[in-house]
Every structure is written in structure tokens, then in C-alpha cells.
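Only one chain is shown below, in C-alpha cells, and it's the form predicted on its own.
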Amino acid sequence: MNALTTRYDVTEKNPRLFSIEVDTRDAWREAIDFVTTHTAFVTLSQITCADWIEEEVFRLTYLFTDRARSQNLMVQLPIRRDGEGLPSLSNRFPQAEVMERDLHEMYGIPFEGNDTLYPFVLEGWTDLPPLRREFDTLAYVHAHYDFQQGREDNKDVKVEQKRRREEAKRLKAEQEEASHDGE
């Protein structure tokens, strides 16, 4: 960890989790190279994305685990939401191929050098990537599905929740009354 803290501003999130924040692709590439060659953080465990639509960026987090599986390091960076991508890490970490493919499909993030960025889960999908914050899930459901029409089991959720709460209260009152009668 000493090599890491002399080169980067490392934030300790808890005793097992540390974080480095970078702000450019070049700094990200240097940080990944340094972390994986000069520290014990050798396994890419996860790549996640948060959509900061107000700031017009995606915030990517690369989570690395050390050899002993006792500590994790996050390397975080923002990228523009307008199609900016990153070089793929799949040549260095084979598991990155699937992680990048998922992020490409769900957010539209391109990963240069990953040749598997074709449909993964969303076969035939032609709409906006569904985990982007501007994607309107309810509008999509209403436009593409009519499964609620004409079904006997189709119920208004709020009405059904109210009915169930009232039923639970009624049953509780009956049980209390029966216990008082038995005394």
C-alpha cells in the first residue's frame, strides 16, 4: 500500500476498501498500470457505472482485489455521457470482456478493443440503453406491452395494498377477540 499512497491520493473507505479518483483517460490508464504492476491488487473484480446525468458524466468504478482477498481498491473516473469510451481491459483481464459488454448494452459506453459489444441480454433492443437515467421505463412498458389489458388478475397496486392492510388488521382483531373469549 505504501507504493500506492506515495503516488496517489488514496481514500480509506473502511479498513478493507480504498479508493483512488482520477479525472482523465490517461490518468486512468496510468493508475490501472501502476496498481496492477506495483501493488498486490491483481484481480479485477467488478466494473460499475453510475449515471450522473446532471453533471453529464458516467462515473465508472473499477474494483480490484488483492492477492490475499483481504482488501479492495476502487479506481474511479468520470467519462462524458455523449459517447466517450475507454480502452478495453479484456486483453489484460479476461473477465472484463463480459463486464464491459454489460455496461455497453445498459449504458451505451463504448470500450475500444472489445470485439464482443453486440447484444448480450437485450436481443433485438433498439431503444435507448435502459439504465441511462433519461430512459423512461414506464413509457416503454406502456408503448410495448399490453399484458395488463383484460387480465382477471390485473389489480391496481395501491388498491390491492390497502385491501391487504385492512385484511391483516381484521384478522389481527379477530385473533385478539378469540384470545379474550378463551380467557
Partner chain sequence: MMESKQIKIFHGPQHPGITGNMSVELDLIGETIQRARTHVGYLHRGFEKLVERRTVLQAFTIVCRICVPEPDPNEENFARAVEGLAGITISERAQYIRVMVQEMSRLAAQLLWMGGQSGSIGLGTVGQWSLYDRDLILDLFEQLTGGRVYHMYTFPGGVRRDLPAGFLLRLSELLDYLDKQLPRYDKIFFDNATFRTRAIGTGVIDSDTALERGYVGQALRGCGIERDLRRDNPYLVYDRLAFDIPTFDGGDVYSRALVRREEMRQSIRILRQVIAQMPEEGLVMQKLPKHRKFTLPKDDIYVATESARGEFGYYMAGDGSAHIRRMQVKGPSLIHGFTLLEPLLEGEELSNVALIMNSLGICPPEIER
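Numbering follows the first chain given and starts at 1. Keep in mind that what you see is a predicted model, and the values were worked out from it rather than measured.
There is also a form predicted together with the partner chain; it is not shown, and the following applies to it.
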Candidate site 3, 23 and 104: all three near the partner chain in the predicted complex by heavy atom within 4.5 Å: no
Counting only non-hydrogen atoms and a 4.5 angstroms cut-off, does residue 94 reach the partner chain in the predicted complex? yes
Residue 47: heavy atom within 4.5 Å of the partner chain in the predicted complex? yes
Can you work out whether residue 137 and the partner chain are in contact in the predicted complex, taking contact to mean some heavy atom pair no more than 4.5 Å apart? yes
Using the partner position in the predicted complex, report whether residue 33 sits within 4.5 Å of the partner chain, counting heavy atoms only. no
At 4.5 Å, heavy atom to heavy atom, what parts of 119-133 sit next to the partner chain in the predicted complex? List them in sequence order, or say none. 120, 121, 122, 130, 131, 132, 133
